[in-house]
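Below you'll find only one chain, the form predicted on its own, shown as structure tokens.
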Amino acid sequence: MLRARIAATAAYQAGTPRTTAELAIASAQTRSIDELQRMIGIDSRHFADAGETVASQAAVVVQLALDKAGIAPCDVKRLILTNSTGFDMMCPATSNVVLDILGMDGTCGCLDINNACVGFLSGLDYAARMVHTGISPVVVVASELGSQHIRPDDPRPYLIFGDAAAAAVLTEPEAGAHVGFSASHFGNYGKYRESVVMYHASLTGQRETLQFLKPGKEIAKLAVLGLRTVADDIFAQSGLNWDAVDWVVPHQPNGTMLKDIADLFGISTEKLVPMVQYVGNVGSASTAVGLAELYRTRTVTSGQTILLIGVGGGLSYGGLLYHVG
């Protein structure tokens, strides 16, 4: 058991909501709006206003989470920032900007992580290990501006990606409390890396945009492969199964895939908190927003278990089993 407590969570959507109907017009879709919404299961998503950055979104939601936890920014020992599309700059780490905005200069270590849509879960895994070894509090924040990397003439990503940020604050649990992360599994299949890509401009000479290079059905098969690998290992470690887990927080790429995944693994809808319909696909922030929504909209009680699980480009996959304290 990695002894670490999720002390607070928060989510944030900058800018204004954009409906699927609006984007369908912009991308000159021939399908009806009803058909499109049935296909993707997304009604709206936010596009951040001009001037919003990965760091500015992250700073807002980190402050929200710290306020909930009753922790001052200057008391944080580590900050981990995740993003799927390259952050605000190549060097230095964008997390440095977050520290500066929040007045944390000289008080906190920080780093950036890009593990596609599994980045937030990777950050949680690292944060739990830090807290378990006495480094506390640690903040993990996912901040995504997918709207900056899509274009109307490529409708597959254009119709599903949105902008959001979410954070979790991890602290040391009380002595003797059965709380923390009892199982985890992470892996990558590099040979499948070109299913979802965003090439650097130095390679293409063109604007950096998210692209789907594989058919949707093939991407869905890879997603199932990753999720099954994670779940099988976590359940082998813990002795639990889908029925024994109280809450499931999966990556939500679109509404259709979320439903298909729930049906395939027999996950009860009562254990899920669907939010992709009004958030869209927000990369590494998806599981982060999902966790925040779970705590915001459901009664999560001591002794319950939460399975956080995701899959993304790479092919990256991972998950953690958390015992609530």
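So that there is no doubt, residue numbering starts at 1 and follows the sequence shown. Computed from a predicted model, the values in this text were never measured in an experiment.
Keep in mind that the form predicted in complex with another copy of the chain is missing from the display, and what follows is about it.
Q: Picking from 165 to 173, 247 to 255, 216 to 224, 89 to 97, which part of the chain touches another copy of the chain in the predicted bound form when contact means heavy atoms within 4.5 Å?
A: It is 89 to 97 that comes within 4.5 Å of the partner.
Q: For another copy of the chain, considered in the predicted bound form: do all three of 182, 274 and 300 come within 4.5 Å of it, counting heavy atoms only?
A: Spot residues vs another copy of the chain: no contact at all.
Q: Any chance residue 105 has a heavy atom within 4.5 Å of another copy of the chain in the predicted bound form?
A: Within the cut-off, so yes.
Q: Determine whether any heavy atom of residue 109 comes within 4.5 Å of a heavy atom of another copy of the chain in the predicted bound form, and answer yes or no.
A: Output for residue 109 is yes: heavy atoms within 4.5 Å of another copy of the chain.
Q: At 4.5 Å between heavy atoms, is residue 187 in contact with another copy of the chain in the predicted bound form?
A: Yes, residue 187 is a contact residue.
Q: Closest heavy atom of residue 133 to another copy of the chain in the predicted bound form, within 4.5 Å or not?
A: Judged by the heavy-atom cut-off of 4.5 Å, residue 133 is in contact with another copy of the chain in the predicted bound form.
Q: Listed by sequence position, which residues of 114 to 128 have a non-hydrogen atom within 4.5 angstroms of another copy of the chain in the predicted bound form?
A: Residues within 4.5 Å: 114, 115, 116, 122, 125, 126.
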